[in-house]
Structure formats: structure tokens, C-alpha cells
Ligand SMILES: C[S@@+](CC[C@H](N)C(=O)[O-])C[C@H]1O[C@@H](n2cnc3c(N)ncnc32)[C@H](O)[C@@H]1O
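In the form predicted on its own, a lone chain appears below as C-alpha cells.
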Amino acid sequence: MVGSEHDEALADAFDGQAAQFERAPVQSDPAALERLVRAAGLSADSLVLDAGCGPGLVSEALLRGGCRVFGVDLSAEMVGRARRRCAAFGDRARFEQGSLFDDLPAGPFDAGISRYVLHHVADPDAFVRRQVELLRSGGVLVLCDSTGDPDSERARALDDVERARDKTHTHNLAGGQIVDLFARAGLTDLRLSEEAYSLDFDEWFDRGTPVDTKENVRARFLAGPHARGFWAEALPGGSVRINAIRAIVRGVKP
């Protein structure tokens, strides 16, 4: 069930951009997906909750690694794509449209995972705590997301640009702030790793839900300030590259 006004906006936005999202290089990169599965370090046949599963890219990688997956997403279009993508895995894969906060017809889970979801949620602490509630004791939680800047002024400037490009954006957290979320939720054995990646500005902008023009967002982004986790660089020929850092955070439920 889609509940809040923000959830409804997310469902609508991702219904509209599902096709572009599914083929976006940053989403579909097989090497990055393989690294995420390795970082999760899950045992074969683990039952994994994919929170905000999108078109099933992460789920597919987990299934190929021997896991079982239950995916949930607000977007009906994304859930349909996830079902088609993972159909070959039969009853090892199940996907439902709805909110993470609904009564889910599965669990408790051996692990929970989310990728590029946190910067869309209204309450990051509640998002993490809810996943922890759904884990068994000893279960693993893994979260991967693009990062912001630990400096509050630079973080606000970045979020302003992000919201101009995508009205569903809430906030990019720095890696250490994501670790703090895990600690507040009671998780132990916390691990943080970071890796650099890049985006083409035009591809990134074109799959957003903008409230400003591409030209204005490009100019604002290039003007700075230079945020540690996500900053724009003008290249020869007029294109713009976004240099970004994603964090992968892992914790264990006692």
C-alpha cells in the first residue's frame, strides 16, 4: 500500500522513469553489483529483503549468488520489471508493490539490503529501524547510497541542486552519518567502505523529476560549492561529469 504524499510522489516518479532507470549505467553496472553482493557477505540460501527493489537489478545479482529474495517497492512499474527480470529464478524470487512499513508476507529475514534508496526517504532513522525489525537475530543489514558532504553548508547546497533535478530527493548523508544511523538502530560489527564512480550530467538529469531547467541546474551545480561526495566538473567539448562517492555500510543485528 502506498500511503503518504511523499510515497505517492515517489511511486509516480519511478513509474515514469523505470525504463531509463533500469538501463542507467550507474544502476546496471555488473561489476558494481558484484561488489555489492561480495560486501554483503551472505550465506547461500539467505532470505534477503530488497527494500526499494526497483527493477530487480540488485535482486538478480543476489539470486545469482544463491540467495532467495523478497523485494518491495512503491512503484508498480518497477515491481513488474523486477518480476520479469527475475522470473527464471522461480519461487526463490518474490516481489510486491507497497511500502516497507506494510505488513510484509515474508520474514523474518536473514538480511536486508537497499541501494540508492536512502536519499529518497523522509525519515532515514525509521527506514533503517524498520529493516532491523524485520531481521532475525544475527541478520545482516546492508545499505548502499551516494554520499553527501559532512559539512552542513555544502550538504545543503548539494541537496538544493538535487531537489531542483528531482523533486523526490530528500538528503544525501555522508558515509559516517549512515554509520550513525546503523549505530542508533542497535546494529553491531559496523563496516563502511567507499568507492568512487561517475555520472554523465545529461543522463542523470534526464531521468529525474525536475522543478528547474537543465541549463539552470547545470550552472548551479558547476558554480559549487564542491561537495565531497557529489560534485560537477566541466569537460572539454561542453559535457559535464559528476564525480561521486558511494558508501556501502554493513551491520549485524545482535
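Quick caveat, the model's predicted, so the values are computed rather than measured. Start at 1 with the first residue shown and count on from there.
Although it is not shown, the form predicted together with this ligand is what the next lines describe.
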| property | result |
| --- | --- |
| is_contact(residue 154, this ligand) in the predicted bound form, heavy atom dist at most 4.5 Å | no |
| Touches this ligand in the predicted bound form: residue 208 (any heavy atom, 4.5 Å) | no |
| Close approach of residue 98 to this ligand in the predicted bound form, 4.5 Å, heavy atom | yes |
| is_contact(residue 75, this ligand) in the predicted bound form, heavy atom dist at most 4.5 Å | yes |
| Segment assignment from 221 to 229, 196 to 204, 46 to 54, 182 to 190: heavy atom within 4.5 Å of this ligand in the predicted bound form | 46 to 54 |
| 117, 161, 140, 174 - the one with a heavy atom within 4.5 Å of this ligand in the predicted bound form | 117 |
| Residues within 4.5 Å of this ligand in the predicted bound form, restricted to 9 to 24 and counted by heavy atom | 10, 14, 21 |
